[in-house]
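Okay, so here's just one chain, in structure tokens, the form predicted on its own.
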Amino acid sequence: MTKVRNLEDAVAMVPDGATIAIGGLSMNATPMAFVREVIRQEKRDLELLAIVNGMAIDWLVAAGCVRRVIAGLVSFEGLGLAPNFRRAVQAGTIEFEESSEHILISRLQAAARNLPFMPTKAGLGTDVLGINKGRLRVDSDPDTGEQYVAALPLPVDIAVVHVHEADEHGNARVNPKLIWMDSEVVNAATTTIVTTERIVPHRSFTAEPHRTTYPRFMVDAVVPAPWGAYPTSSFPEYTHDKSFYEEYVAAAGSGREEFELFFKNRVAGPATHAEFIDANGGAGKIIEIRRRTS
């Protein structure tokens, strides 16, 4: 049974008010084609979970899709904190649950394993414990007296991750291998949607099963999305679009009208992902960001 869906139908699986875990890092392997379609379908009241993220959350906040963000960091790396996210948190227009990467991983592991908590040393002696009351608690081992943090489960309705290859049955893989934390959100989620650079034959997975990142029983829908991480990177195939980030930050700092025009023309306005790529440089941009190994 094929699990392949188009982008519009996959985003229609997301109800208003859902908790969505967004895969990738600040500038790598984020499912941006999916995020842009969420904006176009005007989803509302979303709770976003990201261990580390940037542009995806900033887009969704700018579009008015977000009620709450749970994250360890939301930044554009060397360009600073994500500007619309930062303004919304400072103005109190969205809720922000601040945590650390390892605490979020521990809470996701507790949810994935259906455990009452996952023990960790992360957060001991820090203010993170005080701002996460009801989600973390300090306990001690009855035999040794050693303290630890009990990280309570973090439920996830939908995880969305971007990969290099998938087949029609839902098997998916990251090349050369997964080196960040997407597996944690996939394991914890009730539903997982994978966007992929390309659909490959099923025999590609049966020939090398050890390379499978997410087997089909973990995946509910596969969405073909060539260049679907743009303007973030999809290492090692293409890098992030540095000029887009710079122009986005400049527009965000120029005033509300200037940014809204930029956002309409360069992000939300194009009807398809292909038109979005064209609006940001088209084939010339693809040639520019494509990584060469020789």
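Residues carry their position along the shown sequence, with the first being 1. Bear in mind the structure is a predicted one, so any value in this text is a computation, not a measurement.
Not on display, but discussed next: the form predicted in complex with another copy of the chain.
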{"query": "Non-hydrogen atom within 4.5 Å of another copy of the chain in the predicted bound form for each of P201, A250 and G269", "finding": "no"}
{"query": "Contact stretch among 117-125, 155-163, 193-201, 219-227 - heavy atom within 4.5 Å of another copy of the chain in the predicted bound form", "finding": "117-125"}
{"query": "Residue contact check: K133 to another copy of the chain in the predicted bound form, 4.5 Å heavy atom", "finding": "no"}
{"query": "Partner contacts for 138-165, taking another copy of the chain in the predicted bound form and a 4.5 Å heavy atom cut-off", "finding": "D139, D141, P142, D143, T144, E146, Y148, L152"}
